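So this first bit is one chain, no partners, the form predicted on its own, shown in structure tokens.
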Amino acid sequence: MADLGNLKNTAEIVRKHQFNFQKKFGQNFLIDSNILDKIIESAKLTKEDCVLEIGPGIGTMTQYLAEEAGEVVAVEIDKNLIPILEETLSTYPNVTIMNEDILKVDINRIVQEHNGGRPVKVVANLPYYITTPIIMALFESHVPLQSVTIMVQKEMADRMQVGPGTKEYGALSLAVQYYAKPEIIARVPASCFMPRPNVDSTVIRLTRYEKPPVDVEDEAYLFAVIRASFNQRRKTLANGLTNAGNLGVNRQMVEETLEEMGLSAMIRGEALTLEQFAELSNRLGGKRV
């Protein structure tokens, strides 16, 4: 089967199957074998690994994954791509193609059935419009994961690994850094895709922590506090938490807690570190009514 990591072979497959790119699915196929090699190398695959690929497209990266991993489960939402994948991956018996929406499928069941419940590696060229929901679904549902190596919009990758005080810093930054260690692997210009997107991309690897770097008494409450802190970025943290309505706290409790932590009642959420959010949620959680 022809290597799809170039424009000529990709264009040929698209033409042969009269495939129409769906904007609603954010379809941009990678056509640079050097970038594909970098992704595969950074995922550190062995024949012992089971890989979950989200959005395989026409199977470009799937071919590379199948060469290195023991098993690949490729989940594709667009039913029009399934016949193409069946053709481009026909020589790889270690690939399972699923026509499913990754946000609706039971990922834990996939891991159980295909890897005996052992941690999998996720590798994907993610559609920009659902990057955050996919990442949050992977982490919050506690899927057994070793690592997540993904191509995402450059701004999204920046958001995952920045610290407090920057405009990119927010709920996604904190969630990713609670669950995993983020590392930028490569910057990818828009010219490496077909069709060409309007933005550049970045490959980022998120290596799952065995244990989060902070001690939290109630993980769900921590993330409720974080979300409330960034829902209205221009408001103070006290305002955001008081207005949330689902935290069981009032303004006085929030301001007292901030004072106990040596923080100003006027501080904004974007100024707090993950450690401070963990302490804040632990303290507020003990006071809530």
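All residue numbers refer to positions in the sequence shown, first residue = 1. Quick caveat, the model's predicted, so the values are computed rather than measured.
Not pictured, yet referred to below: the form predicted in complex with a small molecule.
The stretch in contact with the small molecule in the predicted bound form, judged by heavy atoms within 4.5 Å, is 127-135, chosen from 127-135, 174-182, 213-221, 111-119. Think of it this way: in the predicted bound form, the small molecule has a heavy atom of just one of L145, M156, I84, V75 within 4.5 Å, and the residue is V75.
Of the residues given (L30, V254, V225, A43), L30 alone sits with a heavy atom within 4.5 Å of the small molecule in the predicted bound form. When the small molecule is considered in the predicted bound form, G55 lines it closely, a heavy atom lying within 4.5 Å. Under a 4.5 angstroms non-hydrogen atom cutoff, the small molecule in the predicted bound form lacks I107 among its neighbouring residues. With a 4.5 Å cutoff on heavy atoms, Q63 does not count as touching the small molecule in the predicted bound form; it lies far away. Heavy atoms of E140 never reach within 4.5 Å of the small molecule in the predicted bound form, leaving it off the interface.
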